[in-house]
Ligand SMILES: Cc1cc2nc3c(=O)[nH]c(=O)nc-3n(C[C@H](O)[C@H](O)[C@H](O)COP(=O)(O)OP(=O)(O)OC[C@H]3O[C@@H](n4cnc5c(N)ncnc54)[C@H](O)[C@@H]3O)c2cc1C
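Just the one chain here, laid out as C-alpha coordinates, in the form predicted on its own.
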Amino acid sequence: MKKNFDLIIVGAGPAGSAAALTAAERGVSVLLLEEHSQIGTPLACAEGLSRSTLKEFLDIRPEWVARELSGSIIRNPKGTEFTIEYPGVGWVLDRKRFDPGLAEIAVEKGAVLKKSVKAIGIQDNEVVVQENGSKNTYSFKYVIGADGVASKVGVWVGIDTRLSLSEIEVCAEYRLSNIVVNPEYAYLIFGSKYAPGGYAWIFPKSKTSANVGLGLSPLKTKDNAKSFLDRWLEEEFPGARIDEKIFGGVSAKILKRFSGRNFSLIGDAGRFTDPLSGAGIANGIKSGVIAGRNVARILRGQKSHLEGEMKAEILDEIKWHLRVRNVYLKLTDDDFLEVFRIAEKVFAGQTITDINTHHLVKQILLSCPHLLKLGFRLLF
(Lines give C-alpha, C1' and ligand atoms only; values in the text may rest on other atoms or scores of the structure.)
Protein backbone atom coordinates (compact mmCIF):
# COMPACT_ATOMS: atom_id res chain seq x y z
CA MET A 1 0.00 0.00 0.00
CA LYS A 2 1.29 3.41 -0.98
CA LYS A 3 2.30 5.50 2.06
CA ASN A 4 3.07 8.91 0.55
CA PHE A 5 0.46 11.22 -0.96
CA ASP A 6 0.29 14.78 -2.19
CA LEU A 7 -3.00 15.29 -0.37
CA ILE A 8 -4.67 13.51 2.54
CA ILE A 9 -8.32 14.28 3.28
CA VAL A 10 -9.83 13.23 6.60
CA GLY A 11 -13.55 12.58 6.21
CA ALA A 12 -15.43 11.19 3.19
CA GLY A 13 -18.65 13.17 3.50
CA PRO A 14 -19.75 15.48 0.66
CA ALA A 15 -17.04 18.06 1.44
CA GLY A 16 -14.20 15.55 1.62
CA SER A 17 -15.27 13.61 -1.46
CA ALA A 18 -15.78 16.83 -3.46
CA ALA A 19 -12.25 17.91 -2.55
CA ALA A 20 -10.87 14.46 -3.40
CA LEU A 21 -12.45 14.20 -6.85
CA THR A 22 -11.54 17.80 -7.74
CA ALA A 23 -7.88 17.39 -6.76
CA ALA A 24 -7.55 13.89 -8.24
CA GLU A 25 -8.86 14.91 -11.66
CA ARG A 26 -6.10 17.55 -11.68
CA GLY A 27 -3.38 14.95 -11.21
CA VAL A 28 -2.95 15.20 -7.43
CA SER A 29 -2.34 11.93 -5.58
CA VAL A 30 -5.12 11.77 -2.97
CA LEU A 31 -5.79 9.59 0.07
CA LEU A 32 -9.36 9.89 1.36
CA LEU A 33 -9.82 8.55 4.89
CA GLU A 34 -13.18 7.56 6.37
CA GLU A 35 -13.48 6.24 9.91
CA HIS A 36 -16.76 4.38 9.35
CA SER A 37 -17.17 1.14 7.46
CA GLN A 38 -20.01 2.62 5.37
CA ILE A 39 -19.94 6.08 3.85
CA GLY A 40 -23.15 8.00 4.51
CA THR A 41 -23.88 6.35 7.86
CA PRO A 42 -24.39 7.33 10.60
CA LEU A 43 -26.02 10.48 9.24
CA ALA A 44 -26.94 13.78 10.90
CA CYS A 45 -28.76 15.68 8.18
CA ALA A 46 -32.23 16.66 6.96
CA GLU A 47 -30.98 15.90 3.39
CA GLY A 48 -32.40 19.05 1.80
CA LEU A 49 -30.40 20.71 -0.96
CA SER A 50 -31.17 23.87 -2.90
CA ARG A 51 -30.44 23.75 -6.62
CA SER A 52 -29.33 27.39 -6.79
CA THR A 53 -26.68 27.05 -4.09
CA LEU A 54 -24.62 24.57 -6.10
CA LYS A 55 -24.42 26.63 -9.31
CA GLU A 56 -21.79 24.91 -11.48
CA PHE A 57 -20.08 23.03 -8.64
CA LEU A 58 -21.75 19.62 -8.98
CA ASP A 59 -24.37 17.87 -11.11
CA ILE A 60 -26.83 15.96 -8.96
CA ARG A 61 -27.55 12.51 -10.40
CA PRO A 62 -31.14 11.20 -10.39
CA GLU A 63 -30.21 8.12 -8.35
CA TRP A 64 -29.11 10.35 -5.48
CA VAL A 65 -32.52 12.04 -5.16
CA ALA A 66 -35.39 10.87 -2.95
CA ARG A 67 -37.74 13.73 -3.92
CA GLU A 68 -37.66 16.78 -6.17
CA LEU A 69 -39.23 19.81 -4.48
CA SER A 70 -41.55 22.41 -5.99
CA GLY A 71 -41.44 24.90 -3.14
CA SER A 72 -42.06 25.29 0.58
CA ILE A 73 -45.02 25.40 2.93
CA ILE A 74 -44.43 28.00 5.67
CA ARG A 75 -46.24 27.75 9.02
CA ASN A 76 -46.41 30.51 11.64
CA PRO A 77 -46.62 30.14 15.46
CA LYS A 78 -50.44 29.99 15.31
CA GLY A 79 -50.46 27.19 12.77
CA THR A 80 -51.46 29.24 9.71
CA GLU A 81 -49.70 28.27 6.49
CA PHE A 82 -48.93 29.66 3.05
CA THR A 83 -47.12 28.12 0.10
CA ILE A 84 -44.08 29.39 -1.77
CA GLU A 85 -44.28 28.03 -5.31
CA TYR A 86 -40.72 27.56 -6.54
CA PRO A 87 -40.58 24.82 -9.20
CA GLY A 88 -37.29 22.94 -9.24
CA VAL A 89 -36.05 24.68 -6.09
CA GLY A 90 -34.10 21.62 -5.00
CA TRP A 91 -34.16 18.10 -3.70
CA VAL A 92 -34.46 15.88 -0.69
CA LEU A 93 -31.44 13.64 -1.19
CA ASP A 94 -30.88 10.04 -0.27
CA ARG A 95 -27.61 10.59 1.56
CA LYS A 96 -27.02 6.86 1.92
CA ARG A 97 -26.69 6.79 -1.87
CA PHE A 98 -25.39 10.30 -2.46
CA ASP A 99 -22.39 10.16 -0.11
CA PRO A 100 -21.05 6.79 -1.36
CA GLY A 101 -21.77 7.89 -4.93
CA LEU A 102 -19.66 11.01 -4.56
CA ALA A 103 -16.83 9.01 -2.98
CA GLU A 104 -17.01 6.53 -5.88
CA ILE A 105 -16.53 9.38 -8.36
CA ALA A 106 -13.44 10.47 -6.40
CA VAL A 107 -12.06 6.93 -6.70
CA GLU A 108 -12.84 6.89 -10.43
CA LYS A 109 -10.83 10.11 -10.75
CA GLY A 110 -7.85 8.42 -9.08
CA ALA A 111 -8.23 9.01 -5.33
CA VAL A 112 -7.42 6.17 -2.92
CA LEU A 113 -10.29 5.58 -0.46
CA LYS A 114 -9.72 3.81 2.84
CA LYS A 115 -12.71 3.06 5.07
CA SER A 116 -12.72 1.92 8.72
CA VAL A 117 -9.55 3.99 9.20
CA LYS A 118 -9.64 6.52 12.04
CA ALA A 119 -7.26 9.47 12.02
CA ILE A 120 -5.91 9.94 15.56
CA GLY A 121 -3.30 12.67 15.10
CA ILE A 122 -0.97 14.66 12.88
CA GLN A 123 2.79 14.59 13.45
CA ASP A 124 4.93 16.77 11.22
CA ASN A 125 3.77 15.85 7.69
CA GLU A 126 2.13 12.57 8.62
CA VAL A 127 -1.41 11.59 9.54
CA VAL A 128 -1.43 8.96 12.28
CA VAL A 129 -4.30 6.48 11.94
CA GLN A 130 -5.82 3.52 13.72
CA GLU A 131 -6.12 0.82 11.10
CA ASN A 132 -6.76 -2.92 11.42
CA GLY A 133 -6.17 -2.77 15.16
CA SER A 134 -2.81 -1.00 14.99
CA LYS A 135 -1.29 2.42 14.37
CA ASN A 136 -0.11 3.43 10.94
CA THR A 137 1.07 6.65 9.28
CA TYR A 138 0.62 8.25 5.87
CA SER A 139 2.65 11.24 4.75
CA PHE A 140 1.28 14.28 2.94
CA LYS A 141 2.29 17.55 1.34
CA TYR A 142 -1.11 19.03 2.14
CA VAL A 143 -3.90 17.90 4.48
CA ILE A 144 -7.61 18.78 4.47
CA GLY A 145 -9.89 18.39 7.45
CA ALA A 146 -13.39 17.40 6.34
CA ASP A 147 -14.21 15.65 9.60
CA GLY A 148 -17.38 17.46 10.62
CA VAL A 149 -18.52 19.84 13.31
CA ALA A 150 -16.39 18.12 15.96
CA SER A 151 -13.27 18.32 13.79
CA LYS A 152 -10.10 16.87 15.28
CA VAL A 153 -7.98 17.97 12.34
CA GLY A 154 -8.73 21.58 13.26
CA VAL A 155 -7.38 21.03 16.76
CA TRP A 156 -4.30 19.19 15.48
CA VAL A 157 -3.32 22.04 13.14
CA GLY A 158 -3.86 24.68 15.83
CA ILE A 159 -7.26 26.14 14.86
CA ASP A 160 -9.65 27.17 17.64
CA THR A 161 -12.89 25.49 16.51
CA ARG A 162 -14.66 25.63 19.90
CA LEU A 163 -18.31 26.68 19.89
CA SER A 164 -20.06 28.68 22.61
CA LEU A 165 -23.78 28.31 23.35
CA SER A 166 -24.47 31.33 21.15
CA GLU A 167 -22.62 29.70 18.23
CA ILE A 168 -24.54 26.46 17.94
CA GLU A 169 -28.00 25.18 17.09
CA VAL A 170 -28.94 21.89 18.77
CA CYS A 171 -30.90 19.55 16.50
CA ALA A 172 -33.11 16.49 16.80
CA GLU A 173 -34.63 14.61 13.87
CA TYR A 174 -36.60 11.43 13.30
CA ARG A 175 -37.00 9.52 10.07
CA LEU A 176 -40.75 8.86 10.08
CA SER A 177 -42.99 6.55 8.08
CA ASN A 178 -46.72 5.79 8.27
CA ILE A 179 -47.52 9.49 7.92
CA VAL A 180 -49.23 11.66 5.30
CA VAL A 181 -47.37 14.65 3.81
CA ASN A 182 -47.38 16.60 0.56
CA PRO A 183 -44.28 15.13 -1.14
CA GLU A 184 -43.71 18.15 -3.39
CA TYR A 185 -42.97 20.68 -0.66
CA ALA A 186 -40.60 21.16 2.27
CA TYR A 187 -42.41 22.36 5.40
CA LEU A 188 -40.75 25.11 7.48
CA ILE A 189 -42.35 25.82 10.85
CA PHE A 190 -41.63 28.76 13.15
CA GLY A 191 -42.41 29.67 16.74
CA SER A 192 -41.29 29.11 20.30
CA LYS A 193 -43.70 26.18 20.69
CA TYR A 194 -41.73 24.23 18.12
CA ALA A 195 -38.12 25.45 18.15
CA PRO A 196 -37.15 28.58 20.14
CA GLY A 197 -34.36 30.40 18.36
CA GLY A 198 -34.61 28.12 15.36
CA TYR A 199 -37.25 26.35 13.28
CA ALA A 200 -38.78 22.94 12.63
CA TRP A 201 -38.95 21.11 9.33
CA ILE A 202 -40.61 18.31 7.40
CA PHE A 203 -38.59 17.15 4.40
CA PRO A 204 -40.64 14.53 2.53
CA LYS A 205 -39.06 11.35 1.21
CA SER A 206 -42.41 10.06 -0.14
CA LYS A 207 -46.14 10.58 0.44
CA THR A 208 -45.87 8.54 3.63
CA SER A 209 -42.34 9.21 4.93
CA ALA A 210 -40.20 12.22 5.81
CA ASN A 211 -37.29 13.62 7.77
CA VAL A 212 -38.99 15.51 10.60
CA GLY A 213 -36.90 17.56 12.98
CA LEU A 214 -35.99 20.87 14.52
CA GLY A 215 -33.06 23.00 15.54
CA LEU A 216 -33.11 25.36 18.51
CA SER A 217 -30.82 27.77 20.30
CA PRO A 218 -29.74 26.67 23.80
CA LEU A 219 -29.81 30.37 24.71
CA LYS A 220 -33.60 30.43 24.26
CA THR A 221 -34.65 27.41 26.31
CA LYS A 222 -33.41 25.05 29.01
CA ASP A 223 -35.40 22.19 27.53
CA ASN A 224 -33.67 19.84 25.10
CA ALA A 225 -34.38 19.46 21.40
CA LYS A 226 -35.68 15.89 21.76
CA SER A 227 -38.39 17.00 24.20
CA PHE A 228 -39.60 19.67 21.78
CA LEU A 229 -39.61 17.17 18.93
CA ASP A 230 -41.48 14.49 20.89
CA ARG A 231 -44.19 16.93 21.99
CA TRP A 232 -44.65 18.21 18.44
CA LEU A 233 -44.84 14.73 16.91
CA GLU A 234 -47.49 13.58 19.39
CA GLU A 235 -49.65 16.40 18.03
CA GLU A 236 -48.65 16.36 14.35
CA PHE A 237 -48.07 12.65 13.59
CA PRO A 238 -49.58 10.58 16.42
CA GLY A 239 -49.52 7.33 14.43
CA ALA A 240 -46.04 7.70 12.97
CA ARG A 241 -43.41 4.98 13.05
CA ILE A 242 -39.92 6.18 14.01
CA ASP A 243 -37.40 4.43 11.74
CA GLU A 244 -34.32 6.34 12.80
CA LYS A 245 -33.31 8.93 15.40
CA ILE A 246 -30.66 11.56 14.73
CA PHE A 247 -29.22 14.09 17.19
CA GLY A 248 -26.48 16.65 16.68
CA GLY A 249 -25.61 20.28 16.30
CA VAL A 250 -24.74 22.81 13.62
CA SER A 251 -22.39 25.74 13.98
CA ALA A 252 -23.16 29.43 13.64
CA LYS A 253 -19.63 30.78 13.67
CA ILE A 254 -16.97 32.13 11.35
CA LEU A 255 -13.44 30.95 12.06
CA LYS A 256 -10.71 33.55 12.28
CA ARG A 257 -8.57 31.15 10.26
CA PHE A 258 -9.51 28.02 8.31
CA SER A 259 -6.30 27.44 6.34
CA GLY A 260 -2.53 27.60 6.58
CA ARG A 261 0.60 26.84 4.59
CA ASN A 262 -0.21 23.16 4.05
CA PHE A 263 -3.72 22.64 5.42
CA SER A 264 -7.32 23.77 5.21
CA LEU A 265 -10.63 22.94 6.86
CA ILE A 266 -13.76 22.53 4.75
CA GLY A 267 -17.44 21.80 5.23
CA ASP A 268 -18.69 21.67 8.81
CA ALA A 269 -15.09 21.40 10.04
CA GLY A 270 -14.36 24.83 8.52
CA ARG A 271 -17.61 26.24 9.96
CA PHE A 272 -19.06 26.75 6.49
CA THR A 273 -22.56 25.74 7.60
CA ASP A 274 -25.18 28.39 6.90
CA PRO A 275 -25.80 30.00 10.34
CA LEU A 276 -29.38 30.96 9.48
CA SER A 277 -30.78 27.82 7.86
CA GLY A 278 -28.32 25.27 9.23
CA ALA A 279 -27.81 23.95 5.69
CA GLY A 280 -24.41 22.39 5.15
CA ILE A 281 -24.40 20.13 2.09
CA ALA A 282 -24.04 22.82 -0.59
CA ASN A 283 -21.35 24.80 1.23
CA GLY A 284 -19.58 21.54 2.03
CA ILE A 285 -19.43 20.64 -1.65
CA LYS A 286 -18.46 24.16 -2.71
CA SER A 287 -15.70 24.43 -0.09
CA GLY A 288 -14.44 20.98 -1.12
CA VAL A 289 -14.26 21.89 -4.80
CA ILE A 290 -12.56 25.20 -4.02
CA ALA A 291 -10.02 23.53 -1.73
CA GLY A 292 -9.35 20.70 -4.19
CA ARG A 293 -8.56 22.95 -7.13
CA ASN A 294 -6.42 25.28 -5.03
CA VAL A 295 -4.40 22.40 -3.58
CA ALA A 296 -3.60 21.45 -7.18
CA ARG A 297 -2.43 25.02 -7.80
CA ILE A 298 -0.31 25.07 -4.63
CA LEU A 299 1.38 21.76 -5.43
CA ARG A 300 2.24 23.04 -8.92
CA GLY A 301 3.87 26.11 -7.37
CA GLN A 302 1.10 28.43 -8.55
CA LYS A 303 -0.64 31.17 -6.59
CA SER A 304 -3.49 29.97 -4.38
CA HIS A 305 -6.89 31.68 -4.62
CA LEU A 306 -8.32 29.65 -1.73
CA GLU A 307 -9.13 32.52 0.64
CA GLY A 308 -10.59 34.77 -2.05
CA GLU A 309 -12.76 32.04 -3.58
CA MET A 310 -14.07 30.93 -0.19
CA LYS A 311 -14.95 34.53 0.61
CA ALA A 312 -16.74 35.18 -2.65
CA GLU A 313 -18.60 31.88 -2.90
CA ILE A 314 -19.36 31.14 0.77
CA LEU A 315 -18.15 33.48 3.49
CA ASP A 316 -19.78 36.71 2.32
CA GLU A 317 -23.20 35.05 2.51
CA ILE A 318 -22.39 33.39 5.83
CA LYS A 319 -21.43 36.75 7.32
CA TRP A 320 -24.71 38.26 6.14
CA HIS A 321 -26.76 35.33 7.45
CA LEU A 322 -24.93 35.47 10.78
CA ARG A 323 -26.02 39.10 11.15
CA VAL A 324 -29.58 38.15 10.24
CA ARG A 325 -29.47 35.31 12.79
CA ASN A 326 -28.47 37.75 15.53
CA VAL A 327 -31.69 39.68 14.82
CA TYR A 328 -33.69 36.45 14.38
CA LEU A 329 -32.77 35.29 17.89
CA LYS A 330 -34.39 38.42 19.33
CA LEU A 331 -37.76 37.93 17.62
CA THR A 332 -40.88 37.03 19.61
CA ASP A 333 -43.79 34.96 18.36
CA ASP A 334 -45.69 38.21 17.72
CA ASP A 335 -42.77 39.36 15.59
CA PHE A 336 -42.91 36.09 13.64
CA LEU A 337 -46.61 36.64 12.98
CA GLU A 338 -45.84 40.06 11.53
CA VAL A 339 -42.95 38.70 9.44
CA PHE A 340 -45.23 35.89 8.26
CA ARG A 341 -47.88 38.44 7.18
CA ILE A 342 -45.37 40.36 5.07
CA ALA A 343 -43.76 37.24 3.59
CA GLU A 344 -47.18 35.91 2.62
CA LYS A 345 -47.86 39.13 0.71
CA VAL A 346 -44.54 38.73 -1.11
CA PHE A 347 -44.85 35.05 -2.02
CA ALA A 348 -48.43 33.78 -1.86
CA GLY A 349 -50.13 33.30 -5.21
CA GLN A 350 -46.90 33.75 -7.16
CA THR A 351 -44.46 31.40 -8.83
CA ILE A 352 -40.88 32.46 -8.16
CA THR A 353 -37.49 31.54 -9.56
CA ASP A 354 -35.22 33.14 -6.96
CA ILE A 355 -35.22 34.39 -3.37
CA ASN A 356 -32.98 37.36 -2.59
CA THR A 357 -32.53 37.23 1.19
CA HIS A 358 -31.00 40.73 1.31
CA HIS A 359 -34.06 42.22 -0.38
CA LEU A 360 -36.53 40.13 1.64
CA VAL A 361 -35.00 40.95 5.03
CA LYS A 362 -34.83 44.66 4.27
CA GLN A 363 -38.42 44.64 3.02
CA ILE A 364 -39.58 42.97 6.23
CA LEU A 365 -37.67 45.36 8.48
CA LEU A 366 -38.84 48.44 6.61
CA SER A 367 -42.44 47.20 6.77
CA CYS A 368 -42.31 46.63 10.53
CA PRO A 369 -41.50 49.90 12.37
CA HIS A 370 -41.06 48.12 15.71
CA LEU A 371 -38.47 45.80 14.10
CA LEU A 372 -36.57 48.56 12.34
CA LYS A 373 -34.68 49.60 15.46
CA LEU A 374 -33.75 45.98 16.08
CA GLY A 375 -32.50 45.61 12.51
CA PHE A 376 -30.96 49.05 12.04
CA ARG A 377 -27.36 47.88 12.28
CA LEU A 378 -28.19 44.95 10.01
CA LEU A 379 -29.47 47.32 7.34
CA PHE A 380 -27.00 50.13 7.62
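These numbers come from a predicted model, not from an experiment. Just count from 1 along the sequence shown to find any residue number.
Missing here is the form predicted in complex with the named molecule; even so, the following discussion is about that form.
- Only one of the listed residues (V250, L216, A240, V89) places a non-hydrogen atom within 4.5 angstroms of the named molecule in the predicted complex, and that residue is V250.
- Scanning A186, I281, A106, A210 against the named molecule in the predicted complex with a 4.5 Å heavy atom cut-off leaves one residue, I281.
- Annotation: in the predicted complex, residues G48, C171 and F203 each come within 4.5 Å of the named molecule through at least one heavy atom.
- Residues of just one listed stretch (289-297, 132-140, 266-274, 70-78) have heavy atoms within 4.5 Å of the named molecule in the predicted complex: 266-274.
- Not displayed here, the named molecule is approached by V10 to within 4.5 Å at the level of heavy atoms in the predicted complex.
- Interface membership of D333, defined by any non-hydrogen atom within 4.5 Å of the named molecule in the predicted complex, is ruled out.
- The closest non-hydrogen atom of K319 lies beyond 4.5 Å of the named molecule in the predicted complex.
- By the criterion of a heavy atom within 4.5 Å, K96 is excluded from the residues contacting the named molecule in the predicted complex.
- If you take 114-137 and check each residue for a heavy atom within 4.5 Å of the named molecule in the predicted complex, you get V117, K118, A119, in sequence order.
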